[in-house]
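One chain is shown next in structure tokens, namely the form predicted alone.
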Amino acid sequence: MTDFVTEARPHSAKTRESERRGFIGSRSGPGAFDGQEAAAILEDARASVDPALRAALDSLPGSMRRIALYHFGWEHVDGTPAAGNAGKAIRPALVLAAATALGGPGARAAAVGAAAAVELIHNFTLLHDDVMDRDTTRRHRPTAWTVFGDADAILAGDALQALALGLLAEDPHPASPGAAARLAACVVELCAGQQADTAMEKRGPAEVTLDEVIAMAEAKTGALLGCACALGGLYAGASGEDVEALDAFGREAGLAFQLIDDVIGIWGDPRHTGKPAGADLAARKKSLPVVAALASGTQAAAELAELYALPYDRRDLERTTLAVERAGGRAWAQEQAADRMARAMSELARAIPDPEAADGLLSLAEFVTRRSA
């Protein structure tokens, strides 16, 4: 993993502008990013992928299908239909946007199954993460394990992983074998990232380094976003070099996403996030802002270390939140997110030099790093 002092420091403003020229810079002024374009892309991706997802879930045995449909928000606990929230569809949207950018509408149509596979993998990780993290709320409703129990939620997640790889194995497209191999390798990386995350929770605040947490976040979050972009490139028939550049773009944007997600996990509004305020602090998670704050060497860092060494007490939540902020954790995470986006733009320009062709991917990358929930 890169050294925090030499590699993870923010680029200068001049460097960031140079790397993003023709991408972010071309969107300033009246045409600047306002979220509407990304929202339209996500809505279109959801409409394209949902039929494939529903067909895959319908193939599951009855009891497992019920858990999966509940998790996706398409059924209530009693099995009656629900018009719930199945998530933002960021990862399938990246697959389709990458395929479109390099292969046009035909490649996009061919990549719908791959996009569904990526979304199934994402939801497999969510089901397992909720069990391991003991999160009780997701998408403004009780998590699957709280309703059906640990074992059933874990098994439903396992089934989603199998469905994802099955979709690619059954796909006659010439890119499908390479896509399946890449997605399988990504699952291993995701699991390694989650294992590192859970292992860190058993260690004291002073025992976890910022390098370790960055490496964990790259594996746990960046890997799947990178894989999503790479799969879109594969289905567009892109060169190996362009596929790798797309993967790198997604990974850098993914780390920016995780940085912002960690900020939201501490300071986000529960009305928008669907999770209790300060949930990450309550769970004593070694999130990126927290570890950066602990490594700051400030008086606030010492206070935070003392608080984190104690069992959670809701009366100390405000004090803990303020300690992270005073120690610079929030500012560091936000600055790092901007830095990682600059790196992502550099990789995107390498794969797709034409800013207009890359517009969909750029809109999605901006969306995930400008969100507040």
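Sequential numbering from 1, following the sequence displayed. Note that the coordinates shown come from a computational prediction; the quantities given were computed from them, not determined experimentally.
Omitted from view is the form predicted in complex with a further copy of the same chain, to which the following refers.
- You can rule out all but one of 54-62, 344-352, 35-43, 312-320: in the model of the complex, only 54-62 has residues with a heavy atom within 4.5 Å of a further copy of the same chain.
- Contact here is defined as any heavy atom lying within 4.5 Å of a further copy of the same chain in the model of the complex, and by that definition each of Val187, Cys191 and Gln195 is a contact residue.
- For the candidate set Phe257, Trp145, Phe72, Phe124, a heavy atom within 4.5 Å of a further copy of the same chain in the model of the complex is found for exactly one residue, namely Phe124.
- Of the candidates Pro174, Gly104, Gly237, Gly166, Gly166 is the one whose heavy atoms come within 4.5 Å of a further copy of the same chain in the model of the complex; the others do not.
- The shortest heavy atom separation between Ala180 and a further copy of the same chain in the model of the complex is within 4.5 Å.
- Mapping the unseen interface onto this chain, Glu201 falls outside it, with no heavy atom inside 4.5 Å of a further copy of the same chain in the model of the complex.
- In the model of the complex, a further copy of the same chain sits within 4.5 Å of a heavy atom belonging to Ile154.
- When a further copy of the same chain is considered in the model of the complex, Asp269 lies well away from it, no heavy atom lying within 4.5 Å.
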